[in-house]
Ligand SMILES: Cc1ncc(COP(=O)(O)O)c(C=O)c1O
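Presented as C-alpha cells, the chain that follows is alone, the form predicted on its own.
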Amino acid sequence: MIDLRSDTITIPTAEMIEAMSRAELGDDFFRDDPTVLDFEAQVADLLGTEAAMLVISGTMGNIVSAMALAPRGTSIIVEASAHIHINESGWPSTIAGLTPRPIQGTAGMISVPALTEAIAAGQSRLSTPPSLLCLENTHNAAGGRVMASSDLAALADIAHSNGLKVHLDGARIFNAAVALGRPVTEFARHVDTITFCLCKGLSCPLGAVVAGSSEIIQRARRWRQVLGGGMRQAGVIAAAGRIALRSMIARLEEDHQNAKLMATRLRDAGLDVDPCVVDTNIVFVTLPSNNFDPTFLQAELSKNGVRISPPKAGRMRLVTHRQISQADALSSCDLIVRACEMAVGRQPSSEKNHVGGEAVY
C-alpha cells in the first residue's frame, strides 16, 4: 500500500530498532535513565534552550506547556484552525481550565492587528483575560504552511509586551526549518516553550519533546506526572530520538519535493490544487462540491493500493514521508486522478462508510 494518510504511519528504521534494543536504561522518574538525559540535553542544545523533556505525544507536550505557562481561568489565543483548537479533544477547557479565544488567520497565520485586537478585547471585566498565545509551525490544517521566524517574532513580541506567554506547537518544526533553510533555533528563541514530534517525519515509533527554560520545564514535568505521563525505562524511546536527530532532519527535503511533485502532477491533470502553497509535505486537493462521492473516492483508492484519510470539509489530504518514494508519489497521482474521475456524478455516500476511520489532521 502507498499510505498517504499521515507521516505518523512511518515505522522506525533498522538503525533505530537496533539502538532501542541496545539502549542503556535507568528509571526516568528518578532522572537516572542515561539515554533520556543525553537525548534531552541534545535537544536543548539543538533548539538553543536551557532544558527539554521527553513526553509521550505532541498533544501531551502542548498540554503540559500550557499548564506550566497559563493560570487556570484565563484564555488561550489560537488561530481558528490550529491543531490545538480543532484536533486535540478540547483539552484547554476540559483539562487546563483555559478558555480558547480563536482568531481567524490567513494560511494559518494570525495577523498582528488581529492579535492586538484580541488581547485588547480580553481586558474587559466581562471577558476571560488572555495569558497565553499558541502558534503552530508548520500549520497542519492550512496544508503544512510555514511561518517565517520574523513573522513568529512579531507576534511573540506583541504577546510578551502585553504580559502573555508564548507556546509554539512545532509538531513539524523541522519541516519548517528545512523548507526555509534556517536553523531551528531561530524559531525557538522567540517563544517560552516549543514542542516537536518524534513520530511524524522523523520516523520514531512514538514520542515528542517539550523545550524551554529550566524553570518552565520543571513545572511542565510536574504536569506531565499529573497526566499520567511519568515514565520509567524511557531510554528505549530516547534512543530512537537520538538517531532521528542525526539522520532524519535533512532528508525531510525529499518529502517536500515529492509533495510539490504530486501537487503539480495533480494540477496538470485538472484537479483543484495549487502547488504554490505546498510549502512542506502536505497537499490539499479541493474536491467538487456537487455530484461527487468522496467516500467512493477513498474506497476506490484503497482497492487499488492507495490509502488516504477520509476527505473532510471538501478536501482530500495527502501527506508524504520517508516511506513514499518519488515513484510512489507519481503512481499514486495517476490512481487519484482516475478515482476522482470515477467519483464524479455519484451522490455522496453515508459518512459511516468511510474506509479507515476518522480523518487524521
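The first residue of the shown sequence is 1; numbering continues from there. Keep in mind that what you see is a predicted model, and the values were worked out from it rather than measured.
Beyond what is shown, the protein has a form predicted in complex with this ligand; the following relates to that form.
*Asks:* Every residue in 307, 328 and 332 with a non-hydrogen atom within 4.5 Å of this ligand in the predicted bound form?
*Replies:* No: no residue has a heavy atom within 4.5 Å of the partner.
*Asks:* Would you point out which of 186-194, 133-141, 257-265, 231-239 contains residues with a non-hydrogen atom within 4.5 Å of this ligand in the predicted bound form?
*Replies:* Result for this chain: 133-141.
*Asks:* Although the partner isn't part of this model, could you tell me whether residue 171 comes within 4.5 Å of this ligand in the predicted bound form, counting any heavy atom of the residue?
*Replies:* Yes, residue 171 lies within 4.5 Å of this ligand in the predicted bound form.
*Asks:* Would you classify residue 200 as touching this ligand in the predicted bound form, given a 4.5 Å non-hydrogen atom cut-off?
*Replies:* Output for residue 200 is yes: heavy atoms within 4.5 Å of this ligand.
*Asks:* Looking at the partner-bound form in the predicted bound form, is residue 35 within 4.5 Å of this ligand by any heavy atom?
*Replies:* Residue-level check for residue 35: no, no contact with this ligand.
*Asks:* Heavy atoms within 4.5 Å of this ligand in the predicted bound form: does residue 279 have any?
*Replies:* Residue-level check for residue 279: no, no contact with this ligand.
*Asks:* Looking at 83, 101, 145, 221, which is the one with a non-hydrogen atom within 4.5 Å of this ligand in the predicted bound form?
*Replies:* Contact check passes for 83.
*Asks:* What residues, if any, in 55-80 have a non-hydrogen atom within 4.5 angstroms of this ligand in the predicted bound form?
*Replies:* Counting only heavy atoms within 4.5 Å of this ligand in the predicted bound form, the contacting residues of 55-80 are 57, 58, 59, 62.
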